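The chain below stands alone, shown as structure tokens; this is the form predicted on its own.
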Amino acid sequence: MTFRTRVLPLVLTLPALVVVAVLFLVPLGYSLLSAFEETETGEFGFGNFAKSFEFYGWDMLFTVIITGLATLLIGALSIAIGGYLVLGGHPRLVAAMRWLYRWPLFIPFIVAAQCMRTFLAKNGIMNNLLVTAGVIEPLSAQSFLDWRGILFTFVWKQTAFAALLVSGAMASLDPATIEAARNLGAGKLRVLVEIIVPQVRVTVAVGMILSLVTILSVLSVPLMVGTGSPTMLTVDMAFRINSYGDYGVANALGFLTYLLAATVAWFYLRRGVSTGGTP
């Protein structure tokens, strides 16, 4: 191997490595260090974590529940959408679904949150439509700007991303296996569950993990849609910094968020290694 072939790849990748180091690794290292440094004394310890559990213990549990439930729903809906597109149905419905489910891909989270405030409010679009259709009475209309609105927004926004990955993986499968199963009398649901899903489980897992990490990092949705308490940790971090300038507790909460995401990624990678790269 010549000097040129050894140095040239490093030179080409150096700008990207510098950007990653400056914009990600350095702030990450500072935030992790600050999580263990107490703001008042400057000493290192677990005081920030003790405050985090004392003040925001219920918010931690709420974050885990909302994130986990949203991730499961995203996985289930992405499988359903991908299966319907691949296995076929009414041609017009398939065409409409291909067009509709991609909309959320191009809408930022802050725009989605603002739209949901208008849609899910007590006098919002959804309740007005239900009242007009005679489904509910005007006095029985209620606001969904709580945990239900947060969950609905996350699922609606991220299902498009996961469904795009899953439907693409399903479309790349050998159609002969699907046709063979259908010729033997298997229905569409059985073909989807027993033939298609096992072959695309890696892609489904990737879509769910990426969705989980994205949900953990979003501030606008729980801040704008979830108007009550408990709330998600991103809101607590912003509140701790903006109200008290307490970067120690905020970074401790961020550290716990990193830990949650890293735990999920570790289980995924561990299973992938143990099964030879097929989680």
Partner chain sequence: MRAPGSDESYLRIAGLTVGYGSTVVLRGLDLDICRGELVALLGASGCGKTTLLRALSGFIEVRGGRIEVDGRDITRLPPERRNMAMMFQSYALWPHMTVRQNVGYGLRLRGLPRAEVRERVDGVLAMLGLSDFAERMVDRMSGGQRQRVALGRALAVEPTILLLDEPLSNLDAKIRHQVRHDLKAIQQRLGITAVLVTHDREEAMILADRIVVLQDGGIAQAGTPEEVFCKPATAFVADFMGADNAIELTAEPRDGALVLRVPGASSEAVVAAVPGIGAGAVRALFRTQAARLCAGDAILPDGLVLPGVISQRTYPGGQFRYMVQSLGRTFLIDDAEARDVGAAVGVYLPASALHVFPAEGLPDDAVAASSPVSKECSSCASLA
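What you see is a predicted model, and the numbers here were worked out from it, not measured in a lab. Numbering follows the first chain given and starts at 1.
What comes next is about the form predicted in complex with the partner chain, which is not displayed.
Do Arg148 and the partner chain come within 4.5 Å of each other in the predicted bound form, heavy atoms counted?
-> Heavy-atom contact with the partner chain at 4.5 Å: absent for Arg148.
Are any of the heavy atoms in Gly88 no more than 4.5 Å from a heavy atom of the partner chain in the predicted bound form?
-> Flag for Gly88 set to no.
In the predicted bound form, Asp174 touching the partner chain (heavy atom, 4.5 Å) | Yes.
Applying a 4.5 Å heavy atom distance criterion, does Leu77 contact the partner chain in the predicted bound form?
-> Because no heavy atom of Leu77 falls inside 4.5 Å of the partner chain in the predicted bound form, the answer is no.
Identify, from the list Val202, Leu73, Leu164, Ala181, the residue with a heavy atom within 4.5 Å of the partner chain in the predicted bound form.
-> That would be Ala181.
Quick one: find which of 164-172, 79-87, 188-196, 129-137 has residues within 4.5 Å of the partner chain in the predicted bound form by heavy atom distance.
-> Of the options, only 188-196 has residues within 4.5 Å of the partner.
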